[in-house]
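The chain below stands alone and is given in structure tokens; this is the form predicted on its own.
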Amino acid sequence: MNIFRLAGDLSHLLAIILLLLKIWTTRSCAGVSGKSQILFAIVYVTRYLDLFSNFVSLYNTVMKIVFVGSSLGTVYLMYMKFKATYDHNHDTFRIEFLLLPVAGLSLLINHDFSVLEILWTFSIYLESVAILPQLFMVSKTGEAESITSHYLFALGSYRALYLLNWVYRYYFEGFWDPIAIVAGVVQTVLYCDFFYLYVTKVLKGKKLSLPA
């Protein structure tokens, strides 16, 4: 554990809280991509299959439970409880175009050809592109609510902070994971345009909009 990983985890937790608060307090899923949330749920379920078989620490176990539970809970809120408010018409990204290549890549490039390791690798690759349906939806609608923008910024910050975590671990521990690092770079790059617009518009009180 180091300051960058802790800050990344807290940023990730903040993103989840912001999203759930947005849905629960407004009783609406408007502006939120259900397809991105399905992908994130798949990410955490496949990554943390070792939840009860590989104990690292209480902190690690609690965070795993939070990520799995909150992702499944978000999917439930969007597709069950507040289904009537979900914008199917704008959430049209074809997620099979992400799932199939990622599945193939995880079979070809992994640390060990075992079920848990392949699923872990699959989750890392998938997380790097899971936000694409949400960004596509924002681009298609032309704008995003402030709370949705804050959620995206916190989520993007989490991954950027994890890159700093990898840099820290390389220099001070001599450890590095090329799969996690490359996937993290890809994910951070996808957020770059959004980060710029967030700083230049949302923080100045303007509504965020992405080019269609």
Partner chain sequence: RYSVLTKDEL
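Residue numbers count along the first chain shown, from 1. Predicted model only: the values in this text are computed from it and were never measured.
The following text describes the form predicted in complex with the partner chain, which does not appear among the structures shown.
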property: Heavy atom contact within 4.5 Å of the partner chain in the predicted complex, the stretch among 182 to 190, 149 to 157, 50 to 58, 25 to 33; result: 50 to 58
property: Check all three, E117, W166 and F175, heavy atom within 4.5 Å of the partner chain in the predicted complex; result: yes
property: Contact of H111 with the partner chain in the predicted complex (heavy atom, 4.5 Å); result: yes
property: Residue contact check: M63 to the partner chain in the predicted complex, 4.5 Å heavy atom; result: yes
